[in-house]
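Shown here is one chain on its own, the form predicted on its own, set out as structure tokens.
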């Protein structure tokens, strides 16, 4: 075994084998895989191994499509063919119209990735799957590419190809220690010797946190016991001239697929069970948990009702093995937070079906720095300090219990809440606040009009429509107050701080004391990495001025890693996170200045404190940092307050606001207003798949700058011309809004994809943002958007239709 290599992949299941293979496909052959026992001896070997194209985001559909294409290629390899039942078809059942709406949306979204799903009625479900009954069934989603694969053969085929390309695979080689050296390379210790590696990859399956502990990190991954059984032969299947489709049933929490002339039937019971919480026996290899069919009795009864043939056949084999989950059910594939040259591909609860695509995207990130898709949906940094063991277990249970039930828009499930709060959370709750979750933080979405108010979740406008309209009207005509917690806030100091930021941002970075600027960071490919405000704080009592870097709440770990990685060895730059110590109170509306002036000494006139200013002040008795910035398009102030004084500042503003009719509002009102202003959301419109010019942010780019990260790549992209352009669309529809991912159509062709949509209560427009082909990006262009299976006319309009001259924010 060699002692020096570029990459060590730890774990020989589908995650590790796929990563190793795809690293060789990206041109790196000096790579190794270390497996503590035999390949596939963890979760992979007992996987039900279903391979579907279904995903709830375009990234997930894209990586699954790659898996299917790769698996077909492997199955057809004459030198080493593998068993892959491809194209049996699969149905996801539905017994409510809201579920069918979701399937209609997912079909629209998948079409933009070249994948065709079909929404079918109950009778067609039964025609395509002759074993099911249609009682209480409305229909389902048909995936023609659904199938299953042999897990051991798949991994062996990937490892074989990797070896042929120069990679090494070492079985029975456990990793016993990991040490990071001063140059950020790694020593990987094994009983067979120590390997010096540039990069390490944790693909440890259910032993993920045993590997993580060697690095000094904890990953939010927990294991659940999962049971399925294989039936005896079923005559109705034996007599068919084709394989029965796969079935996934959110009604009764089970799935099935054909196995020889019987069925494999798996369950997601409500009385489910975590596994390995107190450690895993080192000898647990190619092993299973004890059978426990009593635990699945409730879902088994539902399966009997849906598929009566199950009541007439015996059980041949029971399998009960651990599978891994994360806090939101999606895997963790990408850089390990807070570590250099360390990656993970873990939490793959549907590993066999998706693993080909996950390894593909991870290999691209390792070799090139980014993947062809924006991978935030699977990025390990999307969970921050709240991702502890207990929360992960609670969310794993919840996700397991809802395996086939997708999240509706604005749905925030209750397990593990609240995990992040401020002193105002109980105060706002007592005032009727309905909360959503942003990076673990409980954030106000809207204020309920009555204590009994309940929202009907779905893909169409509902009871909250008029509630949001009233909140927007209050902000537009008077004054509103809301809390924005979790906003990412770094304090950057040092003699080289401004020069450092100038290199990080593609545009001008203001150096004026007391001023705030907005800017964008690019990656090495010239694509958008992050959006941030830079505030040059007054010196105050500090020995030198400070810079506050502010960005989206979800970007806390992401942005810290990016900034810290680019500080030069000789640069005097220090970054300190204040994210969890301060909270923002947003005061917005034409009367906002009057309220602020009533509680804070000083001249707050437009002349003394214009738009994009920052000032230290006291709000009542609470110290604060006040910024004249607006995400609503109205006169507004961000009042940044230490959490210890947050309640005091809130009371002062509420008392002063009573005179002016101050009203609380929430994030849904903000989202409506920001669309009317043409303001963008990170990871909605600000994606690594597009550059700033394609995203309509050219005014924030200064190509004349001597240097900034991504400049050379951006110059090349400018010369080549845009692939897409971000536009604002006015949609001719009054009962639903455009969901992210919905396809923009011109005739039968998909010409774009929606990134955000909402009703604009001040403009009376149903608005959407979308990336479209450049030919369809000019104002007045007519297209259609597939919204829940119906195409609605949409017109390209100028971005920011509300107050386009920004007169209201400057008032």
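Keep in mind it's a predicted model, so treat the numbers as computed, not measured. Positions refer to the first chain, counted from 1.
One more form of this protein exists, namely the form predicted together with a small molecule; it is left out here, but the text below deals with it.
Participant: Tell me, out of 322, 112, 262, 692, which residue has a non-hydrogen atom within 4.5 angstroms of the small molecule in the predicted bound form.
Facilitator: The residue from 322, 112, 262, 692 that makes the contact is 322.
Participant: Using a 4.5 Å heavy atom cut-off, which residue among 129, 593, 503, 349 comes into contact with the small molecule in the predicted bound form?
Facilitator: If I apply the 4.5 Å criterion carefully, the residue I get is 349.
Participant: With the partner removed from view, which of 372-380, 479-487, 712-720, 174-182 is the stretch that lies within 4.5 Å of the small molecule in the predicted bound form, judged by heavy atom distances?
Facilitator: Of the options given, it is 174-182.
Participant: Though only this chain appears here, would residue 203 touch the small molecule in the predicted bound form if you measure heavy atom gaps against 4.5 Å?
Facilitator: Taking the distances in the predicted bound form, the answer for residue 203 is yes, it comes within 4.5 Å of the small molecule.
Participant: Using a 4.5 Å heavy atom cut-off, state whether residue 788 contacts the small molecule in the predicted bound form.
Facilitator: Heavy-atom contact with the small molecule at 4.5 Å: absent for residue 788.
Participant: Would residue 20 sit within 4.5 Å of the small molecule in the predicted bound form, counting heavy atoms only?
Facilitator: So residue 20 does not count as contacting the small molecule.
Participant: Look up in the predicted bound form whether residue 766 has a non-hydrogen atom within 4.5 angstroms of the small molecule, and give yes or no.
Facilitator: Contact check for residue 766: no, nothing within 4.5 Å of the small molecule in the predicted bound form.
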